[in-house]
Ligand SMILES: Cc1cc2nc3c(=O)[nH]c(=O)nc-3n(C[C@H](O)[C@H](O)[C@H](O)COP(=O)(O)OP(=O)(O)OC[C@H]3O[C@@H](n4cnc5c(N)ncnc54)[C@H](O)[C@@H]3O)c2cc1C
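Presented as structure tokens, the chain that follows is alone, the form predicted on its own.
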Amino acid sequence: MSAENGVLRPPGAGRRFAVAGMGATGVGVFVALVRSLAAGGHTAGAEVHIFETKERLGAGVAYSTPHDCHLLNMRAATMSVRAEDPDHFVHWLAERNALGPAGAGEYVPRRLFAEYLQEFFDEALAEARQRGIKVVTHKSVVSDCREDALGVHLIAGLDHFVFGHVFLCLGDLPSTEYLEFTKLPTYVHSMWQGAGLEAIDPDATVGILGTSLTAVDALLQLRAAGHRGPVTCFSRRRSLPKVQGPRVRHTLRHVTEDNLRRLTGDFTRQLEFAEVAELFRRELEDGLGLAIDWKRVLARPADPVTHTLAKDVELAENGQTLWYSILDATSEIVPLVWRSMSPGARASFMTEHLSIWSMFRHCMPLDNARRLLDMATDGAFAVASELTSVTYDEEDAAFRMEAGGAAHRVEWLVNATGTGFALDCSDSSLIQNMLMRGDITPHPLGGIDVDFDTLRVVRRDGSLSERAHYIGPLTRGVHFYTNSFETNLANAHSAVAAVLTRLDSAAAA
């Protein structure tokens, strides 16, 4: 034992690490940690404890689905776990004859990416053992995390652990909207948990809350299961996602770090929304070679969903979706753009523009769009926008919605609104316990507040945790583009690098 501020500290605690949650982000943290410990000469006495209840590591919510109708929304050629080898996933698929006729451009079932991540983890596990790093797996949920002079204390089940550093990777948490319906037997709060969509009667009328990629997944799964009843997707503002066409490499000319530095005076001032919008306008119009009718693009869709979807499919098939390649090229720079914006600009974007951004930025694969078009043409589903109210009629045992000035009645209701960002409504005991003590603080734009560079959590008093890091979708308020695997993988490396810097400093002291 050694003393730190008068408190006894377990020997070697500084080299005991925990990764709580082993979905895609947790696996990314584990691999980065093992390799960094080995490269930095910190393997002696190192222990990595991982906490996950699922047998299959790397799947999480995003990739746990067994249904082949649930495709990756990104091409296989963009999903490598190795930055130095961007074709790694494509080669992995090719070795297993899992690529379709479109080759590297194919959108493959998400379950294959989960298998890929499992092998990625297994390789790092083997390397850890070879290097003498002890790895311990705990099939339990972490319910609390607190920090003191001894280190970081984790409670998992009945066990109490003390670690030098902890990485919290809880992944996509259930929606924090429409919680008032969770005890109703005909309400599906998460299609990924419990009985999900399998419990729905094939002839029932179904309402889907949302029109995002999650809603697309719900529609396709209902179709694959032989659902016959009418289905309606309800949204407040947006329509279905646009459709991805052929991928074209685009080199950014305006939305660049150099321009951000110039506009902000080397990041000494923050940008207002109009300045950021102008950068993206110039990028899009320059890349497309034409002026854009922004009033038409931003207008609420007036045509029936079948007409709009047919047009989007046609544009994608004809390669007239260069705008998507331009937006896709901004993926790496978007977190820095977001960091450069003023709080007011960010809030304005989230309130006024997030839905239209998501519709164009988070597009569906062409194969999925074709399936949806067939469904819409058959009358299997409809879309109702301008949703204003959702209630449950106990006498009728049905849900009633008001959307677009019309009344709708459905027997089953599916929540497809995505990750829940309201911490005070989260069902995670870990989050609730940390929130209650002030060990984490909500970000004004939702989720958990963390340091941009190190991912250390921000406490209620504004101080940064020394040893607890949070990586994943809930850092959206800080990094924005956290529904992207590449962003979370980059943040995993940043958090691990911060810890290794601390270890190097301690070793040099």
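Remember, it's a predicted structure, so these values are computed and weren't measured experimentally. All residue numbers are counted from 1 along the displayed sequence.
There is another form of the same protein, the form predicted together with the named molecule; it is not shown, and what comes next is about it.
Q: Tell me, please, which stretch of 38-46, 452-460, 439-447, 466-474 lies within 4.5 angstroms of the named molecule in the predicted complex when heavy atoms are compared?
A: Looking at the other structure, the answer is 466-474.
Q: In the predicted complex, does residue 222 have a heavy atom within 4.5 Å of the named molecule?
A: Answer no; every heavy atom of residue 222 is more than 4.5 Å from the named molecule in the predicted complex.
Q: How about residue 306: is it within 4.5 Å of the named molecule in the predicted complex, going by heavy atoms?
A: Looking in the predicted complex, residue contacts with the named molecule do not include residue 306, since no heavy atom lies within 4.5 Å.
Q: Could you tell me if residue 204 has a non-hydrogen atom within 4.5 Å of the named molecule in the predicted complex?
A: Answer no; every heavy atom of residue 204 is more than 4.5 Å from the named molecule in the predicted complex.
Q: Taking the shortest heavy atom distance, is residue 169 within 4.5 Å of the named molecule in the predicted complex?
A: Output for residue 169 is yes: heavy atoms within 4.5 Å of the named molecule.
Q: Just give me the single entry in 140, 320, 385, 432 that has a non-hydrogen atom within 4.5 angstroms of the named molecule in the predicted complex.
A: In short, 140.
Q: So the named molecule isn't shown here. In the predicted complex, which residue out of 192, 178, 280, 187 has a non-hydrogen atom within 4.5 Å of it?
A: Answer to the contact question: 192.
Q: Using a 4.5 Å cut-off on any heavy atom, which residues of 14-39 would contact the named molecule in the predicted complex?
A: Contacts from 14-39: 21, 22, 23, 24, 25, 26.
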